[in-house]
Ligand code: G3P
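A lone chain, given as structure tokens: the form predicted alone.
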């Protein structure tokens, strides 16, 4: 399925997060309406082991409380408003579970699932996410990504045929991932930061049989540059704008 998507793939980063609150059902639905090729979302575990779709460990930015996701259970997290920080139109938007995302968007769009357990690399997140993918039978509609190589290795054991993307940190922090050292993970795609992407990096990856999906590309000139570099895909907060730049769009 991944190889069948248009190139470059336009991944809606946390959904259409320039136009709707990130990582919400509204943002994902809007991304589909705008014609995005795929959506990207973030996952971590609640206190009671539920897979939540949220980026930050701390809840102050999107929900205005000084608590962490890992310390609240599903019922407590579902009481939070994850939309009003964006604007009043989305007041009452809730933090979704991965199960809810699968129930609504099952096989409607390709999904990049980021495993955000870098601070707890041995937690149960890979196992629980893999179980949900198996339950909904959507293996062909998924790629996993993470900055945490342990998470990628672990989830590959559960779903060996689902592609994985190694996220490379910025600058020197991500040098190991962009170098031959990173290939130890046996990833299918390298996910480097925009500022670290060169034509040489893309060519080297392609010569080694790896895809390149770049984060986060929000500027028209950068979109054109990434296309010229022949990247396989990129993540953007504004898929509508990106598709217009690429002379593509919703039918």
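Residue numbers count along the first chain shown, from 1. Just so you know, these numbers come straight off a predicted model, no measurement behind them.
One more form of this protein should be noted, the form predicted together with this ligand, which is absent from this view; the next part is about it.
- Comparing 172-180, 110-118, 79-87, 128-136 against this ligand in the model of the complex, the single stretch with non-hydrogen atoms within 4.5 angstroms of it is 110-118.
- When contacts are defined as a non-hydrogen atom within 4.5 Å, all of 14, 40 and 167 contact this ligand in the model of the complex.
- Interface residue remark: residue 147 is counted as part of the site for this ligand in the model of the complex, having a heavy atom within 4.5 Å.
- Though the partner is left out of this view, residue 210 does not reach within 4.5 Å of this ligand in the model of the complex, counting heavy atoms only.
- When this ligand is considered in the model of the complex, residue 28 lies well away from it, no heavy atom lying within 4.5 Å.
- At least one heavy atom of residue 215 is located within 4.5 Å of this ligand in the model of the complex.
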